[in-house]
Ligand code: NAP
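First, one chain by itself in C-alpha coordinates, the form predicted alone.
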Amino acid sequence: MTHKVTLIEGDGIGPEVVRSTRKIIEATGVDIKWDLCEAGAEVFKRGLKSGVPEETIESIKRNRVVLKGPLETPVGFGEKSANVTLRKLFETYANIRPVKEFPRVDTPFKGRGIDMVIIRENVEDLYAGIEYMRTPGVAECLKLISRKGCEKIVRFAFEFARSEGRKTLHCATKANIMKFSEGLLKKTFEEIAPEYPDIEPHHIIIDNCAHQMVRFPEKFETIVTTNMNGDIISDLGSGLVGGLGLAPGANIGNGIAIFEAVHGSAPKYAGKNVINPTAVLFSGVMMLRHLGEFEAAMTIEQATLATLEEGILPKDIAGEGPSTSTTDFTDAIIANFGKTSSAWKARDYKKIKVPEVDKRPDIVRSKTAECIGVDVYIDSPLFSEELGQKLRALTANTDFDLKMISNRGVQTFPSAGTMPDVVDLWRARFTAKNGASTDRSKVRNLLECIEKDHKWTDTKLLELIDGEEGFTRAQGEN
(Lines give C-alpha, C1' and ligand atoms only; values in the text may rest on other atoms or scores of the structure.)
Protein backbone atom coordinates (compact mmCIF):
# COMPACT_ATOMS: atom_id res chain seq x y z
CA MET A 1 0.00 0.00 0.00
CA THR A 2 1.25 3.47 -0.90
CA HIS A 3 0.84 6.15 1.77
CA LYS A 4 0.81 9.83 0.86
CA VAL A 5 2.40 12.08 3.47
CA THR A 6 2.96 15.83 3.52
CA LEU A 7 6.61 16.41 4.50
CA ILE A 8 7.70 19.74 6.01
CA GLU A 9 11.43 19.77 6.67
CA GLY A 10 11.27 22.91 8.79
CA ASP A 11 13.91 25.40 9.87
CA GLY A 12 17.37 25.27 11.42
CA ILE A 13 18.20 21.63 12.18
CA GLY A 14 14.85 20.55 10.74
CA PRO A 15 16.06 19.41 7.31
CA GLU A 16 18.82 17.27 8.83
CA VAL A 17 16.63 15.39 11.31
CA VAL A 18 13.73 15.04 8.87
CA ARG A 19 16.00 13.65 6.14
CA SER A 20 17.48 11.20 8.63
CA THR A 21 13.99 10.06 9.58
CA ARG A 22 12.91 9.77 5.97
CA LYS A 23 15.97 7.67 5.11
CA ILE A 24 15.33 5.26 8.00
CA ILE A 25 11.61 4.92 7.23
CA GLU A 26 12.31 4.26 3.55
CA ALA A 27 14.87 1.60 4.53
CA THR A 28 12.05 -0.46 6.10
CA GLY A 29 10.44 -0.83 2.67
CA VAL A 30 7.24 1.02 3.58
CA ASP A 31 5.95 2.71 0.44
CA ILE A 32 5.46 6.40 1.14
CA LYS A 33 4.98 9.12 -1.44
CA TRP A 34 6.35 12.27 0.19
CA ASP A 35 4.81 15.63 -0.74
CA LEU A 36 7.54 18.16 0.15
CA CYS A 37 6.04 21.45 1.37
CA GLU A 38 7.08 24.65 3.16
CA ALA A 39 6.14 26.41 6.40
CA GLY A 40 7.94 28.58 8.93
CA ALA A 41 10.81 31.06 8.71
CA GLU A 42 11.28 31.29 4.94
CA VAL A 43 7.56 31.74 4.46
CA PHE A 44 7.46 34.51 7.09
CA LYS A 45 10.33 36.24 5.28
CA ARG A 46 8.25 36.32 2.11
CA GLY A 47 5.65 38.36 4.00
CA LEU A 48 3.04 35.68 4.66
CA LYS A 49 2.04 36.36 8.27
CA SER A 50 0.62 32.90 8.97
CA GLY A 51 3.89 31.21 8.00
CA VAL A 52 1.84 28.53 6.19
CA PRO A 53 1.30 28.93 2.41
CA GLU A 54 -1.87 27.85 0.66
CA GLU A 55 -0.14 25.02 -1.22
CA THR A 56 0.90 23.46 2.12
CA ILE A 57 -2.65 23.70 3.42
CA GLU A 58 -3.97 22.05 0.26
CA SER A 59 -1.39 19.25 0.52
CA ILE A 60 -2.45 18.50 4.10
CA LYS A 61 -6.11 18.48 3.07
CA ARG A 62 -5.30 15.87 0.42
CA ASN A 63 -2.91 13.65 2.33
CA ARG A 64 -4.31 13.96 5.88
CA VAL A 65 -0.96 12.96 7.40
CA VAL A 66 2.02 15.26 8.05
CA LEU A 67 5.58 14.67 9.19
CA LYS A 68 7.31 17.92 10.03
CA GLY A 69 10.49 19.31 11.49
CA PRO A 70 10.67 22.23 13.92
CA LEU A 71 9.47 25.61 12.67
CA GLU A 72 10.92 28.94 13.73
CA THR A 73 8.58 31.71 14.89
CA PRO A 74 10.10 35.20 14.52
CA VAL A 75 10.26 37.07 17.82
CA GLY A 76 8.97 40.63 18.02
CA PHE A 77 7.16 40.79 14.69
CA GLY A 78 3.66 39.90 15.88
CA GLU A 79 3.30 36.74 13.79
CA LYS A 80 1.64 33.74 15.40
CA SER A 81 3.50 30.45 15.61
CA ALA A 82 3.25 28.48 12.38
CA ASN A 83 3.23 25.33 14.51
CA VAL A 84 0.14 26.52 16.39
CA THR A 85 -1.46 27.72 13.15
CA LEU A 86 -1.19 24.24 11.64
CA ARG A 87 -2.65 22.57 14.73
CA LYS A 88 -5.58 24.96 14.89
CA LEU A 89 -6.36 25.09 11.18
CA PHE A 90 -6.86 21.34 11.17
CA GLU A 91 -8.37 20.97 14.66
CA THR A 92 -5.72 18.51 15.80
CA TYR A 93 -7.15 18.64 19.29
CA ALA A 94 -5.07 15.85 20.86
CA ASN A 95 -1.36 16.32 21.53
CA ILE A 96 0.45 13.09 22.40
CA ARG A 97 3.80 13.17 24.21
CA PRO A 98 5.39 9.80 25.07
CA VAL A 99 7.88 9.91 27.96
CA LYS A 100 9.99 6.76 28.20
CA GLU A 101 13.39 5.91 29.58
CA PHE A 102 16.05 5.32 26.91
CA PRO A 103 19.07 2.99 27.32
CA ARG A 104 22.49 4.58 27.88
CA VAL A 105 20.94 7.97 28.71
CA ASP A 106 22.20 9.08 32.10
CA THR A 107 19.62 10.94 34.18
CA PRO A 108 18.84 11.06 37.92
CA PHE A 109 15.90 8.77 37.12
CA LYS A 110 17.79 6.07 35.26
CA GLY A 111 16.49 2.60 36.06
CA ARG A 112 13.09 3.77 37.34
CA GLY A 113 11.21 2.28 34.39
CA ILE A 114 9.55 5.52 33.30
CA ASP A 115 6.92 4.83 30.64
CA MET A 116 4.11 7.37 30.48
CA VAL A 117 2.20 9.26 27.81
CA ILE A 118 0.91 12.80 28.37
CA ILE A 119 -2.18 13.66 26.34
CA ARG A 120 -2.86 17.37 26.16
CA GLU A 121 -5.91 19.21 24.85
CA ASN A 122 -4.43 21.19 21.99
CA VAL A 123 -6.72 23.97 20.72
CA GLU A 124 -8.54 25.80 23.52
CA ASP A 125 -7.78 26.95 27.10
CA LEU A 126 -5.49 30.00 27.43
CA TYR A 127 -3.85 28.99 24.15
CA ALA A 128 -6.91 30.17 22.25
CA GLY A 129 -4.81 33.34 22.41
CA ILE A 130 -7.70 35.73 23.13
CA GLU A 131 -6.07 38.65 24.92
CA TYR A 132 -6.88 42.29 25.66
CA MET A 133 -5.23 45.27 27.31
CA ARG A 134 -8.10 46.25 29.63
CA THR A 135 -6.27 49.35 30.88
CA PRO A 136 -2.77 50.56 29.96
CA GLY A 137 -1.47 48.54 32.92
CA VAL A 138 -3.77 45.49 33.05
CA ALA A 139 -3.71 42.63 30.52
CA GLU A 140 -6.34 39.91 30.23
CA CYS A 141 -6.24 36.44 28.67
CA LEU A 142 -9.45 34.44 28.37
CA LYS A 143 -9.34 30.80 29.46
CA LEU A 144 -11.93 29.02 27.34
CA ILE A 145 -12.77 25.43 28.22
CA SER A 146 -15.72 23.75 26.49
CA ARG A 147 -17.62 20.57 27.25
CA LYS A 148 -17.07 19.53 23.65
CA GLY A 149 -13.30 20.06 23.91
CA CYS A 150 -13.19 18.16 27.21
CA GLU A 151 -15.21 15.25 25.90
CA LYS A 152 -13.04 14.91 22.81
CA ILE A 153 -9.75 14.86 24.70
CA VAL A 154 -11.03 12.62 27.50
CA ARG A 155 -12.46 10.03 25.12
CA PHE A 156 -9.29 10.19 23.04
CA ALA A 157 -7.14 9.63 26.15
CA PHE A 158 -9.12 6.55 27.15
CA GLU A 159 -8.95 5.19 23.60
CA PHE A 160 -5.21 5.86 23.44
CA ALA A 161 -4.60 4.11 26.74
CA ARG A 162 -6.58 1.14 25.47
CA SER A 163 -4.66 1.06 22.15
CA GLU A 164 -1.36 0.61 24.03
CA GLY A 165 -2.68 -1.73 26.71
CA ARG A 166 -2.25 0.83 29.47
CA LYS A 167 -4.30 0.21 32.59
CA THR A 168 -4.47 3.62 34.34
CA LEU A 169 -5.36 7.16 33.27
CA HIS A 170 -4.81 10.24 35.43
CA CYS A 171 -6.78 13.41 34.74
CA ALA A 172 -4.69 16.38 35.94
CA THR A 173 -6.52 19.68 36.57
CA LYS A 174 -6.54 22.79 38.75
CA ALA A 175 -10.23 22.24 39.54
CA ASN A 176 -9.73 23.17 43.18
CA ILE A 177 -9.18 26.81 42.11
CA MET A 178 -10.75 27.16 38.64
CA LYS A 179 -13.93 25.28 39.45
CA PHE A 180 -15.80 26.04 36.23
CA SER A 181 -13.07 25.85 33.58
CA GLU A 182 -10.65 23.23 34.91
CA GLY A 183 -13.58 21.73 36.81
CA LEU A 184 -15.33 21.02 33.51
CA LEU A 185 -12.52 18.66 32.48
CA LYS A 186 -12.69 16.88 35.83
CA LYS A 187 -16.48 16.52 35.62
CA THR A 188 -16.34 15.26 32.03
CA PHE A 189 -13.61 12.75 32.93
CA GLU A 190 -15.64 11.39 35.83
CA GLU A 191 -18.76 11.05 33.68
CA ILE A 192 -17.00 9.21 30.84
CA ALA A 193 -14.71 6.98 32.91
CA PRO A 194 -17.37 4.27 33.58
CA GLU A 195 -17.54 3.61 29.82
CA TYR A 196 -13.96 2.26 30.03
CA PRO A 197 -14.05 -0.33 32.84
CA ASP A 198 -10.72 -1.81 31.69
CA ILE A 199 -8.88 1.41 32.58
CA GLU A 200 -8.50 2.65 36.15
CA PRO A 201 -9.31 6.40 36.38
CA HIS A 202 -7.68 8.84 38.80
CA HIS A 203 -8.08 12.58 39.25
CA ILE A 204 -5.04 14.52 40.44
CA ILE A 205 -4.40 18.24 41.03
CA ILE A 206 -1.91 19.44 38.42
CA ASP A 207 0.70 20.82 40.82
CA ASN A 208 0.62 17.56 42.77
CA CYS A 209 0.92 15.74 39.45
CA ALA A 210 4.15 17.63 38.69
CA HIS A 211 5.37 16.88 42.20
CA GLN A 212 4.60 13.17 41.87
CA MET A 213 6.15 13.00 38.38
CA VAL A 214 9.47 13.96 39.91
CA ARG A 215 9.15 11.82 43.04
CA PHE A 216 7.51 8.70 41.60
CA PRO A 217 7.47 8.97 37.79
CA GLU A 218 7.03 5.23 37.38
CA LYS A 219 3.53 5.41 38.92
CA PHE A 220 2.07 7.14 35.84
CA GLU A 221 0.97 5.39 32.65
CA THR A 222 -1.25 7.96 30.94
CA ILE A 223 -2.12 11.56 31.86
CA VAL A 224 -4.78 13.74 30.26
CA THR A 225 -4.86 17.47 30.96
CA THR A 226 -5.69 20.93 29.64
CA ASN A 227 -3.60 22.84 27.13
CA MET A 228 -1.22 24.96 29.21
CA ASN A 229 -0.92 22.38 31.99
CA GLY A 230 -0.01 19.80 29.37
CA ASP A 231 2.52 22.08 27.72
CA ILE A 232 4.36 22.44 31.03
CA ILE A 233 4.28 18.87 32.35
CA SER A 234 5.14 17.32 28.99
CA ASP A 235 8.41 19.27 28.96
CA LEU A 236 8.90 18.20 32.57
CA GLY A 237 8.40 14.63 31.38
CA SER A 238 11.01 14.93 28.64
CA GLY A 239 13.42 16.31 31.23
CA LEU A 240 13.00 13.15 33.29
CA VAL A 241 14.29 10.95 30.47
CA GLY A 242 17.04 13.04 28.92
CA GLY A 243 15.65 16.13 27.23
CA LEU A 244 13.80 17.34 24.17
CA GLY A 245 16.14 15.50 21.80
CA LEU A 246 14.33 12.34 22.90
CA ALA A 247 10.79 13.75 22.93
CA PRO A 248 8.54 12.74 20.03
CA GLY A 249 5.07 14.11 19.57
CA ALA A 250 1.88 13.90 17.57
CA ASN A 251 -1.15 16.13 17.03
CA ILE A 252 -4.24 14.18 16.07
CA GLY A 253 -7.76 15.23 15.17
CA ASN A 254 -10.64 13.82 13.19
CA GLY A 255 -9.02 12.73 9.94
CA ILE A 256 -5.81 14.80 10.25
CA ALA A 257 -2.59 13.85 12.02
CA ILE A 258 0.58 15.93 12.33
CA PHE A 259 3.70 14.21 13.67
CA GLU A 260 6.55 16.38 14.96
CA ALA A 261 9.24 16.57 17.59
CA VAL A 262 8.67 19.19 20.24
CA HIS A 263 12.17 20.66 20.26
CA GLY A 264 13.01 23.91 18.52
CA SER A 265 14.92 24.64 15.34
CA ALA A 266 18.28 25.18 17.16
CA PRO A 267 19.77 27.27 14.31
CA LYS A 268 23.24 27.42 15.90
CA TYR A 269 23.61 23.67 15.29
CA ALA A 270 22.19 23.70 11.76
CA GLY A 271 24.42 22.15 9.11
CA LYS A 272 26.97 20.77 11.61
CA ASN A 273 25.81 17.15 11.37
CA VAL A 274 25.76 16.77 15.16
CA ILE A 275 22.08 16.84 16.05
CA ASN A 276 20.19 13.90 17.54
CA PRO A 277 17.33 12.87 15.17
CA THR A 278 15.63 10.55 17.70
CA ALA A 279 12.75 12.88 18.59
CA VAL A 280 11.67 13.32 14.96
CA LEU A 281 12.45 9.66 14.20
CA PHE A 282 10.18 8.42 16.99
CA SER A 283 7.52 10.90 15.82
CA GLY A 284 7.87 9.05 12.50
CA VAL A 285 7.43 5.78 14.38
CA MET A 286 4.17 7.12 15.80
CA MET A 287 3.18 8.09 12.25
CA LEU A 288 3.84 4.57 10.99
CA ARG A 289 1.57 3.13 13.69
CA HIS A 290 -1.09 5.68 12.71
CA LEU A 291 -0.77 4.38 9.13
CA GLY A 292 -1.09 0.77 10.33
CA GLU A 293 2.56 -0.05 9.58
CA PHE A 294 3.20 -1.68 12.96
CA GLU A 295 6.01 -3.98 11.85
CA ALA A 296 8.07 -1.17 10.35
CA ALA A 297 7.47 0.97 13.44
CA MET A 298 8.68 -1.81 15.70
CA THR A 299 11.73 -2.42 13.50
CA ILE A 300 12.84 1.21 13.76
CA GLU A 301 12.07 1.49 17.47
CA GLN A 302 14.02 -1.62 18.41
CA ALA A 303 16.93 -0.86 16.08
CA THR A 304 17.30 2.64 17.56
CA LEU A 305 17.31 1.28 21.10
CA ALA A 306 19.81 -1.42 20.14
CA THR A 307 22.05 1.25 18.60
CA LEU A 308 22.01 3.24 21.82
CA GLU A 309 22.71 0.09 23.84
CA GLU A 310 25.82 -0.47 21.72
CA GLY A 311 27.10 2.93 22.84
CA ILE A 312 26.59 4.66 19.49
CA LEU A 313 25.40 7.97 20.89
CA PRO A 314 24.58 11.41 19.46
CA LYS A 315 26.38 14.33 21.09
CA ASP A 316 23.49 15.46 23.35
CA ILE A 317 23.44 11.98 24.95
CA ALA A 318 27.18 11.30 24.93
CA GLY A 319 28.04 14.57 26.67
CA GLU A 320 31.83 14.77 26.98
CA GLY A 321 32.25 11.17 25.83
CA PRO A 322 32.67 9.83 22.27
CA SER A 323 29.74 10.78 20.04
CA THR A 324 28.55 10.05 16.54
CA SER A 325 27.32 12.33 13.79
CA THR A 326 23.72 12.58 12.66
CA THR A 327 24.41 10.71 9.44
CA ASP A 328 26.46 7.95 11.10
CA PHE A 329 23.78 7.47 13.76
CA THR A 330 21.21 7.18 10.97
CA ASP A 331 23.27 4.53 9.15
CA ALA A 332 23.88 2.61 12.39
CA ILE A 333 20.15 2.35 13.03
CA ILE A 334 19.53 0.97 9.56
CA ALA A 335 22.38 -1.51 10.02
CA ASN A 336 20.71 -2.68 13.24
CA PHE A 337 17.35 -3.51 11.65
CA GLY A 338 16.24 -6.85 13.10
CA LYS A 339 17.95 -6.37 16.44
CA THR A 340 15.89 -5.99 19.60
CA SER A 341 16.40 -4.07 22.81
CA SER A 342 16.95 -5.81 26.11
CA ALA A 343 15.90 -2.71 28.06
CA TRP A 344 12.64 -1.65 26.44
CA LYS A 345 9.72 -4.03 26.53
CA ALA A 346 7.73 -3.84 23.31
CA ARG A 347 4.01 -3.15 23.58
CA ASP A 348 1.23 -4.78 21.61
CA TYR A 349 0.18 -1.63 19.78
CA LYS A 350 -3.21 -1.28 18.16
CA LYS A 351 -4.61 1.49 16.01
CA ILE A 352 -6.15 4.33 18.01
CA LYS A 353 -9.90 4.61 17.68
CA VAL A 354 -10.42 8.37 17.33
CA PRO A 355 -13.76 9.08 19.04
CA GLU A 356 -16.70 10.79 17.40
CA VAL A 357 -18.27 13.64 19.36
CA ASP A 358 -21.49 15.50 18.50
CA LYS A 359 -20.59 18.30 16.07
CA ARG A 360 -23.38 20.67 17.17
CA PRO A 361 -22.09 23.90 18.76
CA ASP A 362 -24.56 23.57 21.65
CA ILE A 363 -24.01 20.00 22.81
CA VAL A 364 -24.90 21.12 26.35
CA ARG A 365 -28.31 22.77 26.69
CA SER A 366 -29.94 24.21 29.78
CA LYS A 367 -33.60 23.97 30.67
CA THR A 368 -33.59 27.42 32.25
CA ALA A 369 -31.25 30.42 32.27
CA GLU A 370 -32.19 33.37 34.47
CA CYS A 371 -30.22 36.63 34.53
CA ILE A 372 -29.97 38.02 38.08
CA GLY A 373 -27.30 40.68 37.64
CA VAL A 374 -24.22 41.86 35.86
CA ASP A 375 -20.52 42.38 36.50
CA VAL A 376 -19.31 45.68 35.04
CA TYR A 377 -15.57 46.15 34.56
CA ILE A 378 -14.48 49.74 35.09
CA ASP A 379 -11.24 51.49 34.21
CA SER A 380 -10.77 54.01 37.02
CA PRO A 381 -7.90 55.66 38.97
CA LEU A 382 -10.13 55.97 42.06
CA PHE A 383 -9.76 53.76 45.12
CA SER A 384 -12.60 51.38 45.91
CA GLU A 385 -14.36 53.32 48.68
CA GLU A 386 -14.72 56.47 46.60
CA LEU A 387 -15.57 54.47 43.47
CA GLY A 388 -18.20 52.46 45.36
CA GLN A 389 -19.94 55.54 46.77
CA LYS A 390 -19.99 57.24 43.36
CA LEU A 391 -21.39 54.14 41.66
CA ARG A 392 -24.12 53.78 44.25
CA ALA A 393 -25.15 57.38 43.74
CA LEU A 394 -25.13 57.08 39.94
CA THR A 395 -27.18 53.86 39.91
CA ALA A 396 -29.61 54.58 42.74
CA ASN A 397 -32.59 54.86 40.39
CA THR A 398 -31.82 51.72 38.35
CA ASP A 399 -33.11 48.19 38.86
CA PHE A 400 -29.81 47.13 40.46
CA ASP A 401 -27.95 47.27 43.76
CA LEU A 402 -24.17 47.48 43.88
CA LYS A 403 -23.34 44.29 45.78
CA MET A 404 -19.56 44.58 45.85
CA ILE A 405 -16.44 45.73 44.01
CA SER A 406 -13.41 43.50 43.56
CA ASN A 407 -9.89 44.06 42.29
CA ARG A 408 -7.86 41.17 40.88
CA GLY A 409 -10.44 38.78 42.31
CA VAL A 410 -10.50 40.15 45.89
CA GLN A 411 -13.46 42.07 47.33
CA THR A 412 -12.43 45.63 48.18
CA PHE A 413 -15.85 47.30 48.64
CA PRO A 414 -17.50 47.05 51.09
CA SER A 415 -14.14 46.72 52.79
CA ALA A 416 -13.43 43.60 54.84
CA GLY A 417 -10.86 45.55 56.82
CA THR A 418 -7.92 44.41 54.69
CA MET A 419 -5.83 46.55 52.37
CA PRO A 420 -4.98 44.60 49.17
CA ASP A 421 -2.78 46.31 46.59
CA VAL A 422 -4.97 47.39 43.67
CA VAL A 423 -4.79 48.24 39.99
CA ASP A 424 -7.03 50.41 37.82
CA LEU A 425 -9.38 47.66 36.57
CA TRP A 426 -12.34 47.12 38.90
CA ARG A 427 -15.17 44.59 38.80
CA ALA A 428 -18.42 46.09 40.06
CA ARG A 429 -21.05 43.43 40.77
CA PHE A 430 -24.64 44.60 40.43
CA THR A 431 -27.56 42.36 41.37
CA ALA A 432 -31.21 42.86 40.56
CA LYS A 433 -33.13 44.54 43.39
CA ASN A 434 -35.24 42.35 45.68
CA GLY A 435 -33.70 39.19 44.19
CA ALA A 436 -35.69 39.59 40.97
CA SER A 437 -34.55 38.51 37.54
CA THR A 438 -33.50 41.11 35.00
CA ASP A 439 -32.89 41.52 31.29
CA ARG A 440 -30.49 43.15 28.86
CA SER A 441 -32.52 46.31 28.41
CA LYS A 442 -32.19 47.04 32.14
CA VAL A 443 -28.46 46.29 31.93
CA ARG A 444 -28.13 48.79 29.10
CA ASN A 445 -29.85 51.41 31.23
CA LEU A 446 -27.44 50.62 34.07
CA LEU A 447 -24.45 51.10 31.77
CA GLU A 448 -25.80 54.44 30.54
CA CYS A 449 -25.94 55.65 34.14
CA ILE A 450 -22.41 54.42 34.91
CA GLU A 451 -20.81 55.94 31.83
CA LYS A 452 -21.95 59.41 32.82
CA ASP A 453 -18.95 59.49 35.13
CA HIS A 454 -16.90 56.32 34.55
CA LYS A 455 -15.34 54.33 31.72
CA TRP A 456 -16.66 50.78 31.65
CA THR A 457 -14.69 48.28 29.53
CA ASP A 458 -16.64 45.03 29.65
CA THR A 459 -19.67 43.27 31.11
CA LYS A 460 -20.49 39.71 32.18
CA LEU A 461 -24.07 38.68 32.88
CA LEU A 462 -24.72 36.81 36.11
CA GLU A 463 -26.96 33.87 35.31
CA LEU A 464 -28.60 31.01 37.14
CA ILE A 465 -28.31 28.04 34.78
CA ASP A 466 -30.80 25.34 35.71
CA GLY A 467 -30.93 26.96 39.14
CA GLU A 468 -27.15 26.89 39.70
CA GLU A 469 -24.96 30.01 39.81
CA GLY A 470 -23.06 30.30 36.55
CA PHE A 471 -20.42 32.60 38.04
CA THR A 472 -17.86 32.54 40.81
CA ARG A 473 -17.61 34.80 43.84
CA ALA A 474 -14.72 37.10 44.65
CA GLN A 475 -12.37 36.25 47.50
CA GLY A 476 -14.13 37.60 50.59
CA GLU A 477 -17.56 37.85 48.94
CA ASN A 478 -20.50 36.23 50.71
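A quick note: this is a predicted structure, and the numbers were derived from the prediction, not measured. All residue numbers refer to positions in the sequence shown, first residue = 1.
Keep in mind that the form predicted in complex with the ligand is missing from the display, and what follows is about it.
A.B. asks: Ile13, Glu72 and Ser265: each with a heavy atom within 4.5 Å of the ligand in the model of the complex?
C.D. replies: Looking in the model of the complex, the three residues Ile13, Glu72 and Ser265 all sit within 4.5 Å of the ligand (heavy atoms).
A.B. asks: Indicate whether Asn276 is a 4.5 Å heavy atom neighbour of the ligand in the model of the complex.
C.D. replies: Looking in the model of the complex, residue contacts with the ligand include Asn276, since a heavy atom lies within 4.5 Å.
A.B. asks: Indicate whether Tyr196 is a 4.5 Å heavy atom neighbour of the ligand in the model of the complex.
C.D. replies: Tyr196 lies outside the contact set for the ligand.
A.B. asks: Do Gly373 and the ligand come within 4.5 Å of each other in the model of the complex, heavy atoms counted?
C.D. replies: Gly373 lies outside the contact set for the ligand.
A.B. asks: So in the model of the complex, does any heavy atom of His170 sit within 4.5 Å of the ligand?
C.D. replies: No, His170 stays farther than 4.5 Å from the ligand in the model of the complex.
A.B. asks: Work out which of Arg87, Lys174, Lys152, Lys186 lies within 4.5 Å of the ligand in the model of the complex, going by heavy atoms.
C.D. replies: It is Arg87.
A.B. asks: Pick from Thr330, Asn336, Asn95, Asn83: which residue has any heavy atom within 4.5 angstroms of the ligand in the model of the complex?
C.D. replies: Contact with the ligand in the model of the complex is made by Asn83 alone.
A.B. asks: Looking at 267 to 275, 158 to 166, 231 to 239, 356 to 364, which stretch has residues with any non-hydrogen atom within 4.5 Å of the ligand in the model of the complex?
C.D. replies: Stretch 267 to 275 is the one.
A.B. asks: Quick one: which residues from 225 to 264 get a non-hydrogen atom within 4.5 Å of the ligand in the model of the complex?
C.D. replies: Those in contact are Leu244, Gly245, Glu260, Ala261, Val262, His263, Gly264.
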